[in-house]
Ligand SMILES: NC(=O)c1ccc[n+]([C@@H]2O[C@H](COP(=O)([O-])OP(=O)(O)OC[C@H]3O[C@@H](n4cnc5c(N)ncnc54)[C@H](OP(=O)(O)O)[C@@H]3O)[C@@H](O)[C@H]2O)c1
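Read the single chain below, which is given as structure tokens and is the form predicted alone.
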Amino acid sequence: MTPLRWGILGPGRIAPRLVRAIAACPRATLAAVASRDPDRAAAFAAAHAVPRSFGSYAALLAAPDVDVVYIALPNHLHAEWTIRALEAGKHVLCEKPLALTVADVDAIAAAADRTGRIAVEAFMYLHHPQILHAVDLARSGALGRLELIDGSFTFFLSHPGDPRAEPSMGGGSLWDVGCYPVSFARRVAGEEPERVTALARFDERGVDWTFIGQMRFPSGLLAQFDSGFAAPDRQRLEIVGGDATLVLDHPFLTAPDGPPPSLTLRRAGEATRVEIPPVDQYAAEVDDLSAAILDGAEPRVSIGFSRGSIAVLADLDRAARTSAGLAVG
């Protein structure tokens, strides 16, 4: 079997993890990298043994020896270049968020249908065994009736000019890290919230640096989360049931890029550690897309799931801006 040939658009901070992931997948090989800066692309290619580099995104999309494109560009470019890649005949793994509006997700879905190619949002953590086990355990009834999901994801953002704090590029902690606990709550609930509320601390340009949100699902399940760029590293999920509680410490970025997975079941005052094998979740998402392309398997993160995520994030953003008296785009 000839491995799928991958190209990377945007040699930024996440791209080396995809280099590692592709190298670990026997059904994938890394063929090229592209940047708008030819020197940057060439330097990345030399550092990571990538065979070819391009000085424009369009040039990589025109390359006949690239089957799949990983898009690691700023948020506001995700939809545009996902659609352009699909129309160039490439399959796509695009960093979250897949888009910034539901209309753009629908345009991506239409392009995928039109071209017969697959587009998947790169929510790598959803492929990790600890997340799969936690969702299965919660849905199985082992915790009793589900009452509450609580999540946190914060870190200090201190890089000058970082696109994640640039309003014109879809910046803000909600879109960057708040999307993780939001997507997890939706995954556990298996339905979309019927109501959301939110508050945020915005800077003078309208970028949220601290965000808190709440969701109520039709089943009665409640969820709340906080995200931010102005607090130390915090990653945590807790699923509260009527009989037991499940706690995930550092659930979104685990080894080899963070601490080992940690899943603890608390029942009647006793804590039981659930052993989870360490897995490179970036490699798992490459394997998942490879199976979708080569075997016809259903991607774990479907376009429909991504559409729901973007709709909820947009509603949360709108609620926080309305509460703060800011203009809603």
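Here the structure is a predicted model, which is why all the values come from computation and not from measurement. Numbering starts at 1 and runs along the sequence shown.
Not pictured, yet referred to below: the form predicted together with this ligand.
Contact residue in the predicted bound form, from 256, 241, 167, 74 (heavy atom within 4.5 Å of this ligand):
Going through each option in turn, the one that passes is 74.
Of the residues 119, 99, 124, 174, which one places a heavy atom within 4.5 Å of this ligand in the predicted bound form?
None of the others qualify; the residue that does is 124.
Would residue 308 sit within 4.5 Å of this ligand in the predicted bound form, counting heavy atoms only?
It does not: once this ligand is placed as it appears in the predicted bound form, residue 308 has no heavy atom within 4.5 Å of it.
4.5 Å heavy atom contact, residue 180 and this ligand in the predicted bound form
The answer is yes: residue 180 has a heavy atom within 4.5 Å of this ligand.
Could you confirm whether residue 163 comes within 4.5 Å of this ligand in the predicted bound form, counting heavy atoms only?
Taking the distances in the predicted bound form, the answer for residue 163 is yes, it comes within 4.5 Å of this ligand.
Using 4.5 Å between non-hydrogen atoms, is residue 78 touching this ligand in the predicted bound form?
Although this ligand is absent here, residue 78 would touch it in the predicted bound form, with heavy atoms inside 4.5 Å.
Looking at 187-195, 220-228, 134-142, 90-98, which stretch has residues with any non-hydrogen atom within 4.5 Å of this ligand in the predicted bound form?
After filtering at 4.5 Å, what remains is 90-98.
May I ask you to list the residues of 35-57 that have any heavy atom within 4.5 angstroms of this ligand in the predicted bound form, in sequence order?
Residues within 4.5 Å: 35, 36, 40, 57.
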